[in-house]
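Okay, so we've got the same protein chain twice, two forms, each given alone as structure tokens, structure 1 and structure 2.
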Structure 1
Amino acid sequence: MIMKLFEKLLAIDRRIIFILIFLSVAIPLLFVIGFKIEVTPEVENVYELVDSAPKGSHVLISFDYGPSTKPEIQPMAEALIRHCFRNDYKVICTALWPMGVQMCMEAIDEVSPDFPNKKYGIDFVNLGYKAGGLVTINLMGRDFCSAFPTDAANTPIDELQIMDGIKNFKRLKFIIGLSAGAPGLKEWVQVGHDAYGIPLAGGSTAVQVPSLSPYVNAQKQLTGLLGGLKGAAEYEVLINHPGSATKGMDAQSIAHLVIIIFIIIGNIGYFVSKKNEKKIS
């Protein structure tokens, strides 16, 4: 009886397996299941830094990534902007990568419907992209207007209400760097934190985490770090707003479970069939 069952399972059309994997990924992306996600201290530190500033504070988020790493980092951007808007911060966005400008606007467009009172130029601004990495960050630290004389829409920044009194890094409460490589978070550590002393936290792809974790140290070169999709999902837990990262983790967990089940069935079926062949011979 058991032998026949395994023979049937081993003979399953592989197209059925593909369909099951597809459904195990697609369904959690459409409907939030909300598996329990443990929050790590590194992510909690980012949350506490963002949550600790007084209302009306000016903060800077740098979008240093592009479409290829959007699935991992964009959920972080949306969760961080949501948290900043909820706390009534003034959000200044910059980009050290050309496509970061688009990533910024897409994140704001995703969050803005929940905050209809937030106005461009008053509550948030996209200053656009500037090449130069370390040099650009250092220039912003001395004089924003020299680095970004206009915003992404070519409006002079001295005409934007949000930039009133913001000449350099001095009045920023913190900086968040969202990074997929260089220039990115390491450059922000070297200049933004080490040279100008601004509290700094960040988010990165999962593969970058081992190289960035040493900066989360006693000197708080990085106050905290969001690592990959799981880091974004942890932040969504802290702001109590399940989003695309939570759905992604659900889909990943179920897909892994289905794959593991088929691996177990395949291995048991293989050994049972081998044992049966020996008995017959």
Structure 2
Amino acid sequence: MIMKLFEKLLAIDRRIIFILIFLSVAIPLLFVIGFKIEVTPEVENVYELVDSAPKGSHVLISFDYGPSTKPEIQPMAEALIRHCFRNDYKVICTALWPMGVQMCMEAIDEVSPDFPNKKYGIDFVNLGYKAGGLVTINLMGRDFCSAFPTDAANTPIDELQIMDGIKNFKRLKFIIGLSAGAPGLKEWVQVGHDAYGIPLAGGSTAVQVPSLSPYVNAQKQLTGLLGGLKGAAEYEVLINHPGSATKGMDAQSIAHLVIIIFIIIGNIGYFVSKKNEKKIS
């Protein structure tokens, strides 16, 4: 009887798994459960780095991702920009990915209504995209104007008030890299931090965390790291502004739980069938 049940479960149609995953994501999105979000030290470090700069500091946020990873990284961008605006920093945005330009503007559009006094060219700027990855960062480090002679709207950066006195990385308080692959956070570590010594933190997709975690070390190559939707949700908790990441965490948690239940059922079935095979032989 049990054997038959497990045989049936092991041969389950993949479409049933798909439906269950769909429901486990959709239902918590519609009916928010509100699980408690625990803040990890990596995220707290990013918060402290951002929070520790004096008013009026120039900071750089690099948008190195596209729409495919938007659900994970965009909440980080919005939370970080919100935190920077709240602390009256001057935010310089760049992109090592072509689609990063739009991602930046969408994040600013989302946050701006809460900060109506923030003006483009004075409090924030979108320098746009430049091909070259590692070399672009190196050029920026030596001379912003060589890498970005104009901003995304073709205005010469010399004419932008926000860029007054900002010739290279020297006067930046910190850099935040939001990355979904290459070029991205690794390149920022190699050049931005290691070559120019600028404090650096970042955010990435959850699948990228294992490859970036070695940089969160004693040398603080990365001061901290926001990993996936959970990292974004933790940051939203820290800035006390729950957003789409906090909402999405319930869905992600339930979906993970469903996958784990599937794995457990699969393994029980595997052991039962193995035991049965032994009995027969």
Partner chain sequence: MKRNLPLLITFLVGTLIIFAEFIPHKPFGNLSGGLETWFMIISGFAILLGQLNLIKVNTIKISRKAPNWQYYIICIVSFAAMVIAGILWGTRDQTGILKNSQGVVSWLGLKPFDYFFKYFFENLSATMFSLLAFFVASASYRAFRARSLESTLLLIAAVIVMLGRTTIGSWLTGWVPESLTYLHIPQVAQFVIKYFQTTGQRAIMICAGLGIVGSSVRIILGIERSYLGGK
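We call the rigid core the largest set of C-alpha positions that still match within 1.5 Å between the two forms. When a residue number appears, read it as a position in the sequence of structure 1, where counting begins at 1. What you see is a predicted model, and the numbers here were worked out from it, not measured in a lab.
- The form predicted together with the partner chain appears here as structure 2; structure 1 is the other form of the chain.
- The rigid segments shift between the two structures, and of the options Phe35, Ala182, Ser112, Gly197 the one at their hinge is Phe35.
- Hinge angle between the two structures, smaller rigid part versus larger, from C-alpha superposition: 32 degrees.
- On the core-superposed pair, the CA position of Ile16 changes by 12.4 Å between the two structures.
- For Phe31, the CA shift between the two structures after superposing the rigid core equals 6.9 Å.
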